[in-house]
Structure formats: C-alpha cells, structure tokens
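Consider the single chain below, provided in structure tokens and representing the form predicted alone.
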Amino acid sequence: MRLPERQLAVLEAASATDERTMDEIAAETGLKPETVTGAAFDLRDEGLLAVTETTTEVAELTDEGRDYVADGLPEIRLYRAAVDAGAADGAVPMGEVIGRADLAGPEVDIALANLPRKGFGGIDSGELTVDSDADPDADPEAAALATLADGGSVDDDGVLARLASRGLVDLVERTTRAVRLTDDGVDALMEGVEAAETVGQVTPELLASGEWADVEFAEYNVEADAPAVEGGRKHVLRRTADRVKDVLVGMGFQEMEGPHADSDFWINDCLFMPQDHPARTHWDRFALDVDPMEEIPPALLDRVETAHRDGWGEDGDGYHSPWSEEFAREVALRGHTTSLSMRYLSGYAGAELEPPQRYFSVEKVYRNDTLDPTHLLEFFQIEGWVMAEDLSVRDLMGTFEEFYRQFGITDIRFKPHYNPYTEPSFELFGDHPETGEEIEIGNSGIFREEVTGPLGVDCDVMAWGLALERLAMLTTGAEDIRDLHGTLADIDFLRTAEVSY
C-alpha cells in the first residue's frame, strides 16, 4: 500500500490500544494540526483509522476576570478595607470604606451587592459592618478565578455559573478529536506501507517540463471537515438601512442630511415643543458644552417664538410658558432627525418647497434612555415627510402599509397618540416574529399649524419617525436591540441574519 507522506506519518503515530488527540499527533510528527486533521479523516474514509469527537465546556477568563485575579474581587477589597476601618467592631460610613478600598465606577455597585451575598457583612442606612469570622481567603469564586488563571480547571458548576453571570468567565464549547488504529490499519502497517510522493497542485514548472504526466496527484476529500473561513460582510443594520433607502427612493422620496449636533431651536423649538417639556431636560437630552449657534434666521426665530408665546392662526393660544432665545441657541445632540425636517421645510437647507414634495433620512439620534431590549442611548431613525394639499390620516396609513409591505410586514397596527407637534397623531406597532410580543415601531401624524405656519408652509405635511433597529428586529428575528450592535452583539447572528426583500 502506498499513502501520501502526511497520511503515513499520522498512521504510524496512531495507536491501536489508546486514543491519541490531533494535537498529540501534530506534536510528534511536526505537522500542522489542520494537516493532521485532514489526513486523519482521509485515513478514516479508507477504514484505517477511527476518529472520535468529544465536546466539553471550558471556562475562559474574560478581561474583567483577569483584572480581578490581579487586583482582587471588589467585595473582598471592600471587606478588607472595612476591617481596616474598624467595621468589625461597629458600623462605619460606607463612603469612607469605599475610598479606602480604592473602588470606582461599576466596582462600587458590584462590591456592595456581593458583600452581603457572601456573608461578609451588611449595609444599613449608609453604614457598613462586617463579620470578623468571615474568611475571604476561602472564597470559592476568587479561588476559581486563580485556578483558571494558572491554567487549571474548575469542577464546581455552580461557581462557574456564578462567575459567568458576573461576566468574569466565558463558558465555551471545545471539540477534541482523537484517533485510534482500526484492525485494517494495524494490518496495513504490518504488511508495510510506502510513502508516495504526491503533488498538491499543477504548477507552471510541471507543465513546462512535462513532468505533470508522471507525478502522482494528491486526492482531495471534499467532504472532510475544514476550518470555517468567514469573509467580510456589511452589517445587518447597514443593510437594513440601505434597503429602507431603496424602498423610499422607489416611492418618490429624496434624502435629507444635516448635523448630528444642532441647536435646540431646530431640534425642538420649531417642533412647537415647550421649553419646559421634560424631554428637553438633562434627563432625556445630551447637551454639549460648546458656543451657542448664531446662524439662525432672525425672522424665523421671531415667528417660532410668537407661536410658543401666543399661538399661530386664529385659534392659536400658545403655551404661555417661559421661552428663552438663549436656550433656543444652545447646542445638543439631536434627539430625533425631525431637526432635519425643520431645516428642509423652512427652506434653510435649500429644499424645493413647491408641493407635492417627499423627503426622508435614515440617520443616528441620541437620547438619554434606560438601556433595555428595545432602547439604546444612540440609534437610527427613519425620518420622513410628505407635503401636499388635502392630506389625511388615510394617506399616512397607506404610506406605512406600502413601506412595510416591502419588508414582508403586513400586520402593522395604529393607535391614537399625543404629540406636541402633530394632530392627529398615532403610533405604529408590529408583532415580533419569534416572541409574538407587540413592539412599537414608530410615531407619526399631521404637523400642526403651529409647526408649519412659522416655517412658511401653507399646505398639509404628514410626517413620521420610525425605528430602524426595531424594523431590523421584526425582519431578522433579533429579540434584543443589543443583538444588532454594541458589546453584546452575537457575531454568528450578524453573519447569518438576512434582510427581508
């Protein structure tokens, strides 16, 4: 029997009595592990080797876990600092102990949460006490981290699960392949196997010399396992945004663009949002410490102020609440891309304003929201508006039905809503394809006269702000907005997720 050199080397390194791993054979033969794996599967197909696979769960330290191996777990550092401060004899101020422990940022909350959980001590009314009998040196979580850092393994599944929940270890599955000689393999070695010099590919030299006719070419097993090779791919959210743009351009819309940091005048005042509205406080808004914006048309500024103070039109009444030009000129990160709509509808951005007109944008916005499965601090908004005579809610609803139909979504629902800048107004909802949960996907309405009047628009304008990430959730099945982008994003999901067409 003749075999390629790499197969013969693997066959001779294998044992008939003990399983040997691919790494062990690679170390003995000097071949690369992937070469050993390919040769082993070829020999398996010849019936000369048996290949087994064993999958085990392995704990790997995260960067945070490695930091705690070096510096100590926050709760242990807090305990030791508390003992030094006398907390074993009586309550001491929590702030003093935190300072002694040199804890900062998230470490403070981590330490305060885990100190009582582990029985190290307690916290009451801003004061801290500790149990002098506690033994932080015997803490199983700290011991497990140290063991993993030294290359050892931890058998306590409960401790590993706790460390994984704290983000200190990653539990990953590892597949180990091993080989053993079959009876046919033993017989082949006893009868003698010769090494065959094989050629892996045709080269110009082989063709020029004519030697290609005499050499033996290696056989390729196209069914053998091979390392997965992942090429670059456009992010699923960017592909969704591109699809949105294609759909809206196909519906006759033109794209808007403008600054991410803008004055409160364009972001909120033009929208008839009162300056004392909660959404305009630091709880929702990211203000910037920069010079106020000077480039605001004076006549438009006066008209917008009039709308806020006295209303607009015969029935307008205004808010009768404080209005400050200084606040209007302050600069913040835009909380919605409606600031672009205000710039375009006012003519300030150079848009064509002879009705009918259709404009849109797919841009990033920034809000001081609480992070959860449907909210991020920054996300993408699909902004759009249509200017025409005699528009109605039916026109707006029909536009949405046509838009979402392009993504295979035909069951959107509309619910009445209140906005300071549109009347009538309604929100849009859709069902998540995996969980069945109802998800808000947008907000819309017909701009009020207090918005369009100061801008110089004398016909109807219907407008909306839709959530790009939530559209992507409905089309890809992602159950958490953080699956799409951010530190928690699932790379495998991003590689396989498809955008509906």
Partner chain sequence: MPVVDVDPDALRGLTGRTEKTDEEFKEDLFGLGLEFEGETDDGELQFEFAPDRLDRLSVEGVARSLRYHYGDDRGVYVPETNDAEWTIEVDESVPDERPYVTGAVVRGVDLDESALESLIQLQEKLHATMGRGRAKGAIGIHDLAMVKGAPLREGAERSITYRGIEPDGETFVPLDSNDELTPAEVLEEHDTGRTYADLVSEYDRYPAIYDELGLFSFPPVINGRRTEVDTESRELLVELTGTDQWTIDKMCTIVCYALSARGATIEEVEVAYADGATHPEEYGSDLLRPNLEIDGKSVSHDRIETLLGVDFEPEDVVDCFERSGLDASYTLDEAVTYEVEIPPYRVDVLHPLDLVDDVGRAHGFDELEPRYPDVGTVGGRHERTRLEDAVRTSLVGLGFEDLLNFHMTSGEENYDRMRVEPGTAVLGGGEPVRITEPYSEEYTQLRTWALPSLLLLLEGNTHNAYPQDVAEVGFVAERDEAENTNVSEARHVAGAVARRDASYEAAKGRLQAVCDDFGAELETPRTDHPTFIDGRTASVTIDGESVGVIGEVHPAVLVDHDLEVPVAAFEFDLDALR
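Numbering follows the first chain given and starts at 1. Model, not experiment: these values are computed from the prediction.
Missing here is the form predicted in complex with its partner chain; even so, the following discussion is about that form.
Arg285, Leu288 and Arg495 all contacting its partner chain in the predicted bound form, non-hydrogen atom within 4.5 Å: Verified in the predicted bound form; spot residues all in contact, yes.
Heavy atom within 4.5 Å of its partner chain in the predicted bound form - the one residue of Asp184, Asp156, Asp395, Glu325 that qualifies: Selected residue: Asp395.
Contact residue in the predicted bound form, chosen from Arg162, Lys118, Arg80, His417 - any heavy atom within 4.5 Å of its partner chain: Looking at the other structure, the residue within range turns out to be His417.
Touches its partner chain in the predicted bound form: Gln254 (any heavy atom, 4.5 Å): Contact check for Gln254: yes, within 4.5 Å of its partner chain in the predicted bound form.
Interface membership of Tyr404, its partner chain in the predicted bound form, 4.5 Å heavy atom rule: Judged by the heavy-atom cut-off of 4.5 Å, Tyr404 is well away from its partner chain in the predicted bound form.
Thr487 within 4.5 Å of its partner chain in the predicted bound form, heavy atoms: It does: once its partner chain is placed as it appears in the predicted bound form, Thr487 has a heavy atom within 4.5 Å of it.
Pro356 within 4.5 Å of its partner chain in the predicted bound form, heavy atoms: Yes, contact at 4.5 Å.
Residue stretch of 142-150, 174-182, 123-131, 245-253 approaching its partner chain in the predicted bound form, non-hydrogen atom distance within 4.5 Å: Stretch 245-253 is the one.
In the predicted bound form, residues of 348-368 near its partner chain [heavy atom within 4.5 Å]: Counting only heavy atoms within 4.5 Å of its partner chain in the predicted bound form, the contacting residues of 348-368 are Tyr348, Pro356, Gln357, Arg358, Phe360, Glu363, Lys364, Tyr366, Asn368.
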